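Just one chain is shown here, as structure tokens, and it is the form predicted on its own.
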């Protein structure tokens, strides 16, 4: 067992989906996987292993933000020998051509987080997805008739901003950032450092230009295109 995951060796597959919401992990396990076993309930951060189209996969909740996400990713890699990690989560659209419910492939993840900058004082590191996984995801999306947007996203430490800041995302938007979320840059940093493969597949749950957003229930249960695309990578 690791500090935050109570699974024994062999209970976690080498391919893991990483939703932030543990209840989304539970929903995926109950509706898309077969022969599922719950291997973790520490701090309510649910984790399950099962089968999808004959492939053994796991799904592990990680919580919100780079620090929480990086705890679970680090333990999965170092303590359970996980080789492929796919973040599935929601994001806020920043461009007019990125619409509500669009699926976004995060090819790279810019960030304002010190969680990445602390390792590169006075320098800039560009956290990037696995090219093999991104290429495979794009090909599978075409086969599955799932339209995608692919490019650079922002992993931010902040969800809320003070009103006097104005448009906190204007600079990022002007440099082509597609959407904002809170985890991918940390995952890509760890994957690069620890020699595994990672990709973030996101669904636009709200839009920072139009003000549109989906319900909490839809965020938790109904983003099946993103999840099935992620599972197809197994």
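All of these numbers come straight from a predicted model, not from anything done at the bench. Numbering follows the first chain given and starts at 1.
Note that the form predicted together with a small molecule isn't included here; everything after this is about it.
Among 182, 187, 201, 28, the residue placing a heavy atom within 4.5 Å of the small molecule in the model of the complex is 182.
When you look in the model of the complex, the only residue of 131, 114, 159, 125 with a non-hydrogen atom within 4.5 Å of the small molecule is 159. The chain is drawn here without the small molecule; in the model of the complex, the stretch among 102 to 110, 85 to 93, 72 to 80, 133 to 141 whose residues come within 4.5 Å of it by any heavy atom is 85 to 93.
Within this chain, residue 208 lines the site of the small molecule in the model of the complex, having a heavy atom no more than 4.5 Å away. Among residues of the shown chain, residue 52 is not one whose heavy atoms approach the small molecule to within 4.5 Å in the model of the complex. Mapping the unseen interface onto this chain, residue 39 falls outside it, with no heavy atom inside 4.5 Å of the small molecule in the model of the complex.
Of the heavy atoms in residue 169, some are within 4.5 Å of the small molecule in the model of the complex.
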